[in-house]
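Given as structure tokens, the chain that follows is alone and in the form predicted alone.
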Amino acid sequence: MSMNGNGTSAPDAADGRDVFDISIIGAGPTGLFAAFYAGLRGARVQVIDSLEEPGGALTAIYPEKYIYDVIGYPKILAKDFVAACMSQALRSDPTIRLKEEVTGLARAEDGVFVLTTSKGERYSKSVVICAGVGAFEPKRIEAPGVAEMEGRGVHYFAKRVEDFRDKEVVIVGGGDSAVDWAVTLEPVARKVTLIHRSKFRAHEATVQELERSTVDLHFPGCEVLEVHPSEEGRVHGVTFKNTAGEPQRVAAQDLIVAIGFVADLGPLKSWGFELQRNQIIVDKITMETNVPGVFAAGDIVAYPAKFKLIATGAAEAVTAVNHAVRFYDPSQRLDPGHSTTIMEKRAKEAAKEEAARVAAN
């Protein structure tokens, strides 16, 4: 998928390169908001993402799960939130390149960044990295029967709520994903059983909702011992160690394993960034990395007192974009004002241009 934005092209006059003002790596919510805001700043933008759909983890892992911590929505399905983010981003007419992985980043002698991708080379005056946690693989459990029935009732990526209607579902985990799925499926499934080894790590309000629900809770010290197949080779039951340390079996047609993911920055690790575990260290004032002209926002960044929230990523995107604009054009103001002011100014300029065109004819 590729959509041309802010005009069809702006090739460099010297050698015909198509040089964008800002290249955004990652089309999750933070990357999409960065694209929208960069458009407000008048930047010519391209967004590059290795996934086949925008939305990052929200689309890839839990499109039909409710999220609760974004401004303006008491709760909203992840897929609906992504659609709203995409609609907002497209108002600025960026070029969006999906199913395209950025494998290398270098800076040419003239200062233009060269992004090597799976589809060639892309060029940019600045870069904003919004790659979330990077590539992610689910943590797996090793109990007998789990691997054999993956895709036949064992899920690490559960996407559609309707897939679990009127079924007996066992969920493993105690983080946001596990607790959110339990709360979401309670009114849909015939029965939901949640198994967890420790205390819950999810948002407190969601945990309280879980405790008020009819979900059958087994924690702490509980873990899956075996998954039993039906005659057709699908999940038929789950045996787990209960709070007394004894084996207990429950009927189940589906097992959702939501115990987290292993993140990997992949090629980004070799681009010269200062790293802290799987995050890029940035200046918390400017969101700039230790590579001049390369900024970052969202879950991929690290700085003191960092919070991993969608709302935080949006604020970081604004900071990163504003400083990126100043990087490639120091004559620009750092703070352009409120969005209404920017749009009113554009409307007045468009009206003047239209009046001049009419007068010339």
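Here the structure is a predicted model, which is why all the values come from computation and not from measurement. For every residue, the number given is its place in the sequence shown, counted from 1.
The next section is about a form of this same protein that is not shown, the form predicted in complex with a small molecule.
Judged by heavy atoms within 4.5 Å of the small molecule in the predicted complex, the contact stretch among the candidates 25-33, 38-46, 317-325, 332-340 is 25-33. Comment: the small molecule is not present in this chain, but in the predicted complex one of Gly173, Gly153, Gly132, Gly145 has a heavy atom within 4.5 Å of it, namely Gly132. In the predicted complex, the small molecule sits within 4.5 Å of a heavy atom belonging to Phe136. Among heavy atoms of Glu209, none comes within 4.5 Å of the small molecule in the predicted complex. Shown alone here, Val183 lies farther than 4.5 Å from the small molecule in the predicted complex, counting heavy atoms only. Contact annotation for Asp254: none of its heavy atoms lies within 4.5 Å of the small molecule in the predicted complex.
Relative to this form, in the predicted complex the C-alpha atoms of Ser124 and Ala135 approach one another by 3 angstroms or more.
The pair Arg277 and Pro138 is at least 3 angstroms farther apart at the CA level in the predicted complex than in the present model.
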